[in-house]
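Just the one chain here, the form predicted on its own, laid out as structure tokens.
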């Protein structure tokens, strides 16, 4: 209602006894109709806050989740003492990871990669809104193909990790968010996370780190895979829901 009327939510309470005119009621009814069809609220209002920053969202991008803020927090902590750190965000979507990290670290620069041109358009708008356009390069490409030959202090990614047919996926998500950002093509939920980890070895600086968001029940297997690839001290972080959500590791430091 606040969105449709162009007021703050507090104003709804302050004006609780004001009758609404028909031209005010019509857009509210339309939003309610769409919500009854399980359209996500973030798409209806065109915005989702993430890491205390505003992000425009629409059906071209995944809606940023609170658990993904854990990845940003880790990246900022690991990079705050690195001079002019350089990051790459793989599968950037709305740009929430890359934009939030660069906003928190004024000396940082980075690249945001996505295979979908529509997602890059959304990410570009969010980079401008949050004042990091000059420090963020947007590239279309599959995983890390577009940045081969570059070197980064961190590779960050929240890749698709849902297997099609998963009965736990809510209707809001299943019917409205972009399939390409949700689902893996195979039965292995880690197929894309593993591919990012493989390719990251070719672009990470010595001592650089990789951080990946994974689905529930996948963290231990992903940690074991990082060990196989030679990552140093792979760790798992738990989100606020108690789920092992984030897996990270470092490349070996230079001698």
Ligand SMILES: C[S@@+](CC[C@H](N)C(=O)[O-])C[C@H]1O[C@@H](n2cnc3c(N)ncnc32)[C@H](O)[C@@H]1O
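Residue numbers count along the first chain shown, from 1. Keep in mind the model is a prediction, meaning the values are calculated, not measured.
There is also a form predicted in complex with the named molecule; it is not shown, and the following applies to it.
In terms of contact with the named molecule in the predicted complex, the residue from 82, 143, 163, 173 that brings a heavy atom within 4.5 Å is 143.
Here is the short version: of 226, 192, 211, 214, the single residue with a heavy atom within 4.5 Å of the named molecule in the predicted complex is 192.
Mapping the unseen interface onto this chain, residue 108 falls outside it, with no heavy atom inside 4.5 Å of the named molecule in the predicted complex. Contact between residue 68 and the named molecule in the predicted complex is found at the 4.5 Å heavy atom cutoff. Looking at residue 181, you'd find a heavy atom of it within 4.5 angstroms of the named molecule in the predicted complex. For the chain shown alone, residue 87 is not a contact residue for the named molecule in the predicted complex, no non-hydrogen atom being within 4.5 angstroms. Looking at 100-108, 73-81, 125-133, 155-163, the stretch with residues near the named molecule in the predicted complex, meaning non-hydrogen atoms within 4.5 angstroms, turns out to be 155-163.
Applying a 4.5 Å heavy atom cutoff to the named molecule in the predicted complex picks out 62, 64 from 28-65, in order along the sequence.
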